[in-house]
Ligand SMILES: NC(=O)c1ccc[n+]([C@@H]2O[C@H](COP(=O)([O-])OP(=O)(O)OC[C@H]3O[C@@H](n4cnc5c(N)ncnc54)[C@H](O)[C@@H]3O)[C@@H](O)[C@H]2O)c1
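Presented as structure tokens, the chain that follows is alone, the form predicted alone.
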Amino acid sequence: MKILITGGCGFIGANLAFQLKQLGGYELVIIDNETLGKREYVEGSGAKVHIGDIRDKDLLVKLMDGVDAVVHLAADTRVMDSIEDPQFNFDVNVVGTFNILTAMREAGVKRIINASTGGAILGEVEPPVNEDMLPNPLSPYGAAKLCAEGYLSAFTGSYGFNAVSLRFSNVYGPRSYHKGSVVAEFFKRILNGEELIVYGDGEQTRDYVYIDDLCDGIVQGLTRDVSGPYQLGTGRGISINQLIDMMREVAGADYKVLTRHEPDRAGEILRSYCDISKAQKTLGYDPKMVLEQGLSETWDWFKTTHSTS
């Protein structure tokens, strides 16, 4: 199976590329503009890398030659950045996704796995979040991801696509040093002896899923004739305060873990974790990594990377 991975040099894409190499039977093509991901992150994966942007439809059309399926990971993912610059977020997440779908249609490619999000699409609802809840995005990022899901649904209904939107919860793990997500940001600050910035009282909750489990979910999506949204997480809500306590334990006595509280930020969800029963039943999704062990493995990788950077 020939797979085109957009944003494939990033955190999730790099881990997925190496997992697919280990499984065997996949030819990988990557497009990435190297805003965050870098070509060197996938060296050794066997993937053929093209430096480019999903807003370049002509390039996408060329890259679709012989492709069997697309894993669409490229995105502008930061909620706060989308509030500051909603036009850019729209151009990347909506126009870019539409470009991919139309290039696929032109090339006769009908299978796509789309990286989406649950919390930002649904807004402030009582968790656990599930696929049947009505959307109410609180940020331009959430609105753009909802729009992308809408176009995947439309291409499924109109053109016979198998279009799956995997609503990722908070992903963490190795190869995330360049990320600004909470686990990556906190580990970098601990290594540098800097305070951890906590917005609000720290009781806001998130669902943290380990990268290997998430990649397993993507692979399952590639191998099944299904469409629609699926929540990928663990089904467990963890507060920022609990997360910090676990990270303090993982880092050990050699590292001081200090915190500084700042006011809540507009557009952020306070409580979110997901119901993964649909993905378990339909995709065979089965996350195995417990958070404490996943944080330990991630910390070990960060320490090694930090010492050589």
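Residues carry their position along the shown sequence, with the first being 1. This one's a predicted model, so the numbers in the text were calculated from it and none came from an experiment.
Keep in mind that the form predicted in complex with the ligand is not shown, yet the notes after this line are about it.
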Subject >> Joint contact, N33, R55 and F168 to the ligand in the model of the complex, by non-hydrogen atom at 4.5 Å >> reply: yes
Original post:
Exactly one of F18, Y285, F11, W299 has a non-hydrogen atom within 4.5 Å of the ligand in the model of the complex; which residue is it?
Top reply: F11
Original post:
Among A74, L152, A144, I113, which has any heavy atom within 4.5 Å of the ligand in the model of the complex?
Top reply: A74
Original post:
Could you tell me if T117 has a non-hydrogen atom within 4.5 Å of the ligand in the model of the complex?
Top reply: yes
**OP:** Give a yes or no for H178: in the model of the complex, does one of its heavy atoms lie within 4.5 Å of a heavy atom belonging to the ligand?
**Re:** yes
Original post:
Are any of the heavy atoms in V92 no more than 4.5 Å from a heavy atom of the ligand in the model of the complex?
Top reply: yes
**OP:** Please determine, with the chain shown alone, which of 237-245, 251-259, 275-283, 36-44 has non-hydrogen atoms within 4.5 Å of the ligand in the model of the complex.
**Re:** 36-44
